[in-house]
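Presented as structure tokens, the chain that follows is alone, the form predicted alone.
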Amino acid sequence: MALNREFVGRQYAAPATYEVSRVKIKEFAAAIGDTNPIYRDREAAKAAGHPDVIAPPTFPIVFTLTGAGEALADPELGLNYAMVVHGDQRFEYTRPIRAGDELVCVSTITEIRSVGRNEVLTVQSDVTTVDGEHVCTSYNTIVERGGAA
């Protein structure tokens, strides 16, 4: 069944801010196997010109789909999550995420389209500080296999 195109343009705010800590950054870096010291050591990060440790570039995946998860779980969208695979993911940064940031995320469904027998859905997540400073934008594309059939 095709996904509900009326969801394009809908925005979803994460239910709470996301507080970035050194521990969360270090755990994420360990989970992805990245040993870069700027993700683990405050002095190394400062030597590289950062005020504190910074997060690896893919770190926003930890929290960016929190708001959009509400949409993806909505039965009116028509998404069969059992048939979903990851399509694409990319990040555009204004500045690195760093320890001490308190972040707000608003996700927008920007596109739903059919490709062959599949449905493709793209979510754009804008990440800002609680003061409104833009930090990054995440783009996440998922594919529902056989959804357009």
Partner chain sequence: MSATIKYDEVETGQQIEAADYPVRRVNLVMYAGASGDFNPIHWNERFAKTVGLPDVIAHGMYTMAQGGRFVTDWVGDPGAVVDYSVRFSSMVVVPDDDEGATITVSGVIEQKLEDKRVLVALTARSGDSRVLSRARAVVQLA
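Positions refer to the first chain, counted from 1. Note that the coordinates shown come from a computational prediction; the quantities given were computed from them, not determined experimentally.
As for the form predicted in complex with its partner chain, it is not shown, yet the points below apply to it.
- No residue of the trio 12, 19 and 70 has any heavy atom within 4.5 Å of its partner chain in the model of the complex.
- Taking the partner from elsewhere, residue 121 is found to have every heavy atom lying beyond 4.5 Å of its partner chain in the model of the complex.
- Heavy atoms of residue 34 reach within 4.5 Å of its partner chain in the model of the complex, making it an interface residue.
- Residue contact check for residue 86: one or more of its heavy atoms lie within 4.5 Å of its partner chain in the model of the complex.
- Contact annotation for residue 105: none of its heavy atoms lies within 4.5 Å of its partner chain in the model of the complex.
- Within 4.5 angstroms of its partner chain in the model of the complex, the stretch 91 to 126 places a non-hydrogen atom from each of 91, 92, 93, 96, taken in sequence order.
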